[in-house]
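Next comes just one chain, in structure tokens: the form predicted alone.
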């Protein structure tokens, strides 16, 4: 018996409230606007910088470079098992305490004059410190950075007095993130890239599916199907500055033999780890300002985009896993998953670069988002709202713009 294939209906009504106005192109390359974004957003928002699995026991630490703040940050699990963060700088003359990306140790010894700091940032000892009198060791603690975790993810906020806690910032999405495989992760595979493009141009590429069938023909990501020729999402949701899309499932995906074999290995792995069946297994979270988390356990990845300048960004892809690579088969399956993700991203890189180059002349004055690019429009509107709030605060404080 022939059953008529249902017609796919796009959720246009879920993004209609965002409007249809064109977007000023200057916001995607102008250095002055980028500086406002840097101050209004990245210096005052919760920024994801890692995962608790990188700090498996007391005394372990990681270093993160945040170019938008010209800051090097140390994130440490203390002897009391608490995670703390502070600037990677000695309070004597500012020398960076560590150069390594990670390590383990109860203290941080400045290599310049051997000031010694504990894992809570306090000055423990300093040679001939009596000659600094009346300065006290208590006055020489390293400046702290606000830090918190959700679903195992580590977030920092460079605002000395954050307006919201992390869970307040994430809103109702915080509880949903806790149900994802990332909350149980114990290890990951990582891919880092730099790109000559504004952070919003880079991020927006991964917020819309309009490009999939045109850009990703080589990897077969955007399999054309009569129900949904562009792979548009089933559903959108919005929560403050954040947003999600529910991934559409192709009923007749074209899977190559090697892809199928690997998917079988990963599915078996995920089933053994008990991470199948999350209610958000098809949800793609876009967390403000520039973090993605996908719910599927089969390729459970995060993707964060860090701004470097008005026309340069750094991105980090991670696929999270439960338990170590304890066999050749498991390691193969997991590394294949990361390589597949990287192959897909390689197809994106050239297009993103060309999008940036095309705007630099200033000839293009406006960007036009269609209905199903609503997440891109939402991001821009949230950016503008925070820049306007920042300027109003400065004006109220009597500061010049």
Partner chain sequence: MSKMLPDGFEALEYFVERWAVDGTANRDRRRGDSTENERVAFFEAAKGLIPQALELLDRKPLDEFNEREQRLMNMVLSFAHVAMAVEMLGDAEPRHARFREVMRITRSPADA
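Numbering follows the first chain given and starts at 1. These numbers were taken from a predicted model, which means no experiment stands behind them.
Below, we refer to the form predicted in complex with its partner chain, which is not included among the displayed structures.
Peer 1: Which residue among 36, 359, 338, 367 has a heavy atom within 4.5 angstroms of its partner chain in the predicted complex?
Peer 2: Residue within 4.5 Å of the partner: 338.
Peer 1: Only one of 178, 190, 159, 168 has a non-hydrogen atom within 4.5 angstroms of its partner chain in the predicted complex; which is it?
Peer 2: The option sitting close enough to the partner is 190.
Peer 1: Contact between residue 67 and its partner chain in the predicted complex at 4.5 Å, heavy atoms?
Peer 2: Although its partner chain is absent here, residue 67 would stay clear of it in the predicted complex, with no heavy atoms inside 4.5 Å.
Peer 1: Contact between residue 265 and its partner chain in the predicted complex at 4.5 Å, heavy atoms?
Peer 2: So residue 265 counts as contacting its partner chain.
Peer 1: Within a 4.5 Å heavy atom cut-off, is residue 256 in contact with its partner chain in the predicted complex?
Peer 2: Contact check for residue 256: yes, within 4.5 Å of its partner chain in the predicted complex.
Peer 1: Consider residue 96 of the chain shown here, and say whether it contacts its partner chain in the predicted complex, taking contact as heavy atoms within 4.5 Å.
Peer 2: No, residue 96 stays farther than 4.5 Å from its partner chain in the predicted complex.
Peer 1: Please determine, with the chain shown alone, which of 190-198, 103-111, 68-76, 277-285 has non-hydrogen atoms within 4.5 Å of its partner chain in the predicted complex.
Peer 2: Selected stretch: 190-198.
Peer 1: Its partner chain in the predicted complex: within 4.5 Å of a heavy atom of each of 326, 331 and 343?
Peer 2: Result yes, every residue of the spot touches its partner chain.
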